[in-house]
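Okay, so here's just one chain, in structure tokens, the form predicted alone.
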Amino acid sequence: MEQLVGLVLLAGELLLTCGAEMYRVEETIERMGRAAGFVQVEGFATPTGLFISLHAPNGRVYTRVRRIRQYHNNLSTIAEVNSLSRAFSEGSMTVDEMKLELERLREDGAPESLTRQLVGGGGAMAFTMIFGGNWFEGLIAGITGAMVLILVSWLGRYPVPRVLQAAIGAIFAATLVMHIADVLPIHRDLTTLGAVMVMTPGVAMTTAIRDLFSGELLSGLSRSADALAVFVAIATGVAVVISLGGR
């Protein structure tokens, strides 16, 4: 039973650390708990904590609490955990197979590959062009955006708050674009705007709205506040550079 409890807890923890909606986390816990043989399954998830209570057929109750201190957005892992939980519930996966797959996903952790950062740079390039910039300004924004993601990824290895990471990234992007604009004929505002868009918590904000629509007021409001704080940090970082003569 202890192994089954740990399995359910690990699945919920993975979903939370990857930015899943609260209803998805609680639904997965209940589905896996029922499939594991527990007669009653209770789960309560918040962005910073997971609480589960599993009632065994012999009357024993297993209660576990898991503190979530760091999280990142990884839709691929969320989809994999969701598929694995359904396969486990249908009986097409054993407990050992499920444990191996979940452990593999936990060891993979947050994606920090160079490919991800280059793709993010492509997104920065696209945003600059959508806002009215030309190909050259988009290229500069793309290179700057990729460098910002590398910097933020490096800061993420240390206990640096997300808000401070966003502010530092914005200052770096605005400063770099400012110096490039002194040499090359580019539109500073459009290029800077595209470069900092790679740090905006769009997925987190969307998840917060979905939580609010699902009635998860606690997680919806807390995630909205977190996303808003990151937005303000990005704007503040750019404003600092502009106020110091970057325009």
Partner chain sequence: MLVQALIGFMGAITFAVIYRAPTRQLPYAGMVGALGWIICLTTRERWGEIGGVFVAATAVAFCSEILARRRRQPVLVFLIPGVIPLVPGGPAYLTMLSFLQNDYAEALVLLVSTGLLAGAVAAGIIIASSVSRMYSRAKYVRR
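Quick caveat, the model's predicted, so the values are computed rather than measured. Positions refer to the first chain, counted from 1.
The following text describes the form predicted in complex with the partner chain, which does not appear among the structures shown.
- Of the candidates 206, 70, 46, 222, 206 is the one whose heavy atoms come within 4.5 Å of the partner chain in the predicted complex; the others do not.
- For the options 50, 54, 198, 29, the residue carrying a heavy atom within 4.5 angstroms of the partner chain in the predicted complex is 198.
- Contact check at 4.5 Å (heavy atoms) against the partner chain in the predicted complex: none of 3, 88 and 156 pass.
- Stretch 198-206 is the answer when you ask which of 198-206, 35-43, 178-186, 54-62 has residues with heavy atoms within 4.5 Å of the partner chain in the predicted complex.
- Of the heavy atoms in residue 16, none are within 4.5 Å of the partner chain in the predicted complex.
- Taking the partner from the other structure, the partner chain in the predicted complex has a heavy atom within 4.5 Å of a heavy atom of residue 122.
- Shown alone here, residue 25 lies farther than 4.5 Å from the partner chain in the predicted complex, counting heavy atoms only.
- The partner chain is not drawn, but in the predicted complex it has a heavy atom within 4.5 Å of residue 116.
- Looking at 58-87, the residues that come within 4.5 Å of the partner chain in the predicted complex, counting any heavy atom, are 73, 74, 75, 76, 78, 79, 82.
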